[in-house]
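Here we start with a single chain on its own, the form predicted alone, put down as structure tokens.
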Amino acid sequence: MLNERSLAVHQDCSDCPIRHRAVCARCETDELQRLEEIKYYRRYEAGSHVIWSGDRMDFVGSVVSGIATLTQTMEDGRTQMVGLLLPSDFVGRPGRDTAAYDVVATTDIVMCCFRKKPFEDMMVRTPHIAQRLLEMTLDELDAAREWMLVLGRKTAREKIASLLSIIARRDATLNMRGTEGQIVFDLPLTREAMADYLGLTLETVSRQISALRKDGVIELEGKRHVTIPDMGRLMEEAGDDADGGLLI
């Protein structure tokens, strides 16, 4: 079975769950039609590589569903997770021929891909697409700077709470909110991956998750199914203000 598959089912842009957050958020009907002509969908199974660092990129696109990691490998083979790709995040860089990072699917993911050269041409003809991509890039830069604070100055408990709040806020925008203001989602990272991403030991991650559960900050069913009863309290535990934080 292949890890990458082109999707036979075609999704209309007007019905797309990331329509108002993705790079095409400001596109008019005729512009969406032009994007339709250069787009296709791909699905990747959990654990598979979406992109290898150094590979030639013949597409750019957006994550429609699922989560992937950005990983960098050092010369001696050590790897470091340097970022997360969540639904609506953009993959690839117009004007760059090769990929800078490995992109690995942590869950099954679906991507809306655009053939790279036609997309670059459309950016020239449609300035607000380029403007939207610039805004998303600047948001990503802000998030990276905030993440430096998480890794450098926050306690282990605050780091765990920060990561949970990032995923919760983003997932809540995609209709994963529970009843009565609760937010419910499946944690896309193993505890080993969380430890790697946060610069903590596996034991510390497990201990802090257990403490957050014991204190009622989160509810946990199994290892991955998370309920957040009070988002404000989680944000306080993360050391962030109520309107938020680390990622847009």
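Just count from 1 along the sequence shown to find any residue number. Just so you know, these numbers come straight off a predicted model, no measurement behind them.
A second form of this protein, the form predicted together with a further copy of the same chain, is not displayed here; the remarks below concern that form.
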**Message:** Checking a candidate spot here: are L141, R145 and G239 all in contact with a further copy of the same chain in the predicted complex (at least one heavy atom each within 4.5 Å)?
**Reply:** yes
**Request:** Have a look at 58-66, 196-204, 214-222, 41-49 and name the one stretch with heavy atoms inside 4.5 Å of a further copy of the same chain in the predicted complex.
**Result:** 196-204
**Close approach of E135 to a further copy of the same chain in the predicted complex, 4.5 Å, heavy atom** = yes
**Item:** Partner contact for L35 in the predicted complex: a further copy of the same chain, 4.5 angstroms, heavy atom
**Value:** no
**Prompt:** Taking the shortest heavy atom distance, is P94 within 4.5 Å of a further copy of the same chain in the predicted complex?
**Reply:** yes
**Request:** Could you confirm whether D102 comes within 4.5 Å of a further copy of the same chain in the predicted complex, counting heavy atoms only?
**Result:** no
**Request:** Find the only residue in I183, I209, L189, L70 having a heavy atom within 4.5 Å of a further copy of the same chain in the predicted complex.
**Result:** L70
**Item:** Within 4.5 Å of a further copy of the same chain in the predicted complex: residues from 142-163 (heavy atom criterion)
**Value:** D142, A144, R145, E146, W147, M148, L149, L151, G152, R153, K154, T155, E158
**Message:** Comparing against this form, do S53 and T201 have their CA atoms pulled together or pushed apart in the predicted complex? The difference is 3 Å or more.
**Reply:** closer
